[in-house]
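To begin, one chain is listed below as structure tokens, in the form predicted alone.
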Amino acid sequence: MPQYAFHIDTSACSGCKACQAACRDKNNVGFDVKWRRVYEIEGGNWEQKDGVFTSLPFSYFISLSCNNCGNPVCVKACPTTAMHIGRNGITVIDSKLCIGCKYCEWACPYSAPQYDPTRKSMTKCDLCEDYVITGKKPACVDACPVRALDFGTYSEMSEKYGTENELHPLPDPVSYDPGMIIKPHRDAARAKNENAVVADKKEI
């Protein structure tokens, strides 16, 4: 089975959250649940020259959902096998087996699985599997007005965009093999060196 992957162009993302809205609309999830989340990374410092202090701020956005990892720790953490790799190679949840323990959420480095208090079970992005099997792209991808998102098999995406998948402040991808290819923002290296943070994380 192929591994599916998202391409995320953080140099283009404007943080408009159209992808987030499209995801909620398509999947009819409540406001407490965000399968796709747009994070703002911000930082900066001051430069002093000739007695003058100049502010050097920067920020960029990362649009994240489930990365359909090749080594999904959420599956390993699930005590009931509710979280599993489905027949199409997409990590999904069997709600009939889910007991809402949140082990998958705690294990996932990207916080992809989320507890839905209405359904009383864990839920997650399934890459719009019903779209994918008919040849369509996920709703979030088609909703992006600046085409900062793309989607396909990992081989398709890597051939088109390369294999870069590291970006501050995301976790080291080596342990998880995420289905994610990133075009870093021009300030990504600076963000790492200056230990930039996620802004307004409580709002995400």
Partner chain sequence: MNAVTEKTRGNSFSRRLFVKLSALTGALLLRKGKKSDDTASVLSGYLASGEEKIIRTGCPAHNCGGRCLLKVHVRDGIITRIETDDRPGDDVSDPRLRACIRGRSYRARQYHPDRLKYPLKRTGKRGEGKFERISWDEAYDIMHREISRVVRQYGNSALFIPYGTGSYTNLNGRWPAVRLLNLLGGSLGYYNSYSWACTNIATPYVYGTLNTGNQRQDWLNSRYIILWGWNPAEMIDGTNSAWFIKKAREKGARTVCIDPRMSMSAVALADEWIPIRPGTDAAMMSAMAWVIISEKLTDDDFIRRCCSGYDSTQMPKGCENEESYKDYILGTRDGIPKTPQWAEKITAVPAATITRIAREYATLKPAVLYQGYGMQRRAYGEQVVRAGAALSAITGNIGIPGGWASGLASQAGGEPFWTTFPMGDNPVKARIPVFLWTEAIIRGKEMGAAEGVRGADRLDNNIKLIWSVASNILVNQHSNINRTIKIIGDEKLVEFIAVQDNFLTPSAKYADLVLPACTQFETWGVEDGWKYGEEVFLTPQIVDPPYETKSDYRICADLAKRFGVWDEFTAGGKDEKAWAEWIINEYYRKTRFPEMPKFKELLESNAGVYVRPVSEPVVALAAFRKDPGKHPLSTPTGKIELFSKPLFDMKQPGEIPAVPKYITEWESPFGSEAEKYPLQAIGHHYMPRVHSTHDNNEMTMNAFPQKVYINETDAGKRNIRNGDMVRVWNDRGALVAKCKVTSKILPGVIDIPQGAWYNPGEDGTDFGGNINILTTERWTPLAKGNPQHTIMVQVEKYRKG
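The model shown is predicted, which means the values in this text are computed figures rather than measured ones. Numbering follows the first chain given and starts at 1.
The next section is about a form of this same protein that is not shown, the form predicted together with its partner chain.
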Classify Glu42 as contacting or not contacting its partner chain in the model of the complex by the rule of any non-hydrogen atom within 4.5 angstroms, answering yes or no. yes
Do Gly135 and its partner chain share at least one heavy atom pair within 4.5 Å in the model of the complex? no
Is Arg186 close to its partner chain in the model of the complex, meaning a heavy atom pair under 4.5 Å apart or at it? yes
Counting only non-hydrogen atoms and a 4.5 angstroms cut-off, does Gly162 reach its partner chain in the model of the complex? no
In sequence order, the residues of 11-31 that place a heavy atom within 4.5 Å of its partner chain in the model of the complex are Ser11, Ala12, Cys13, Ser14, Gly15, Cys16, Lys17, Ala18, Gln20, Ala21, Ala22, Arg24, Asp25, Lys26, Asn27, Asn28, Val29, Gly30, Phe31
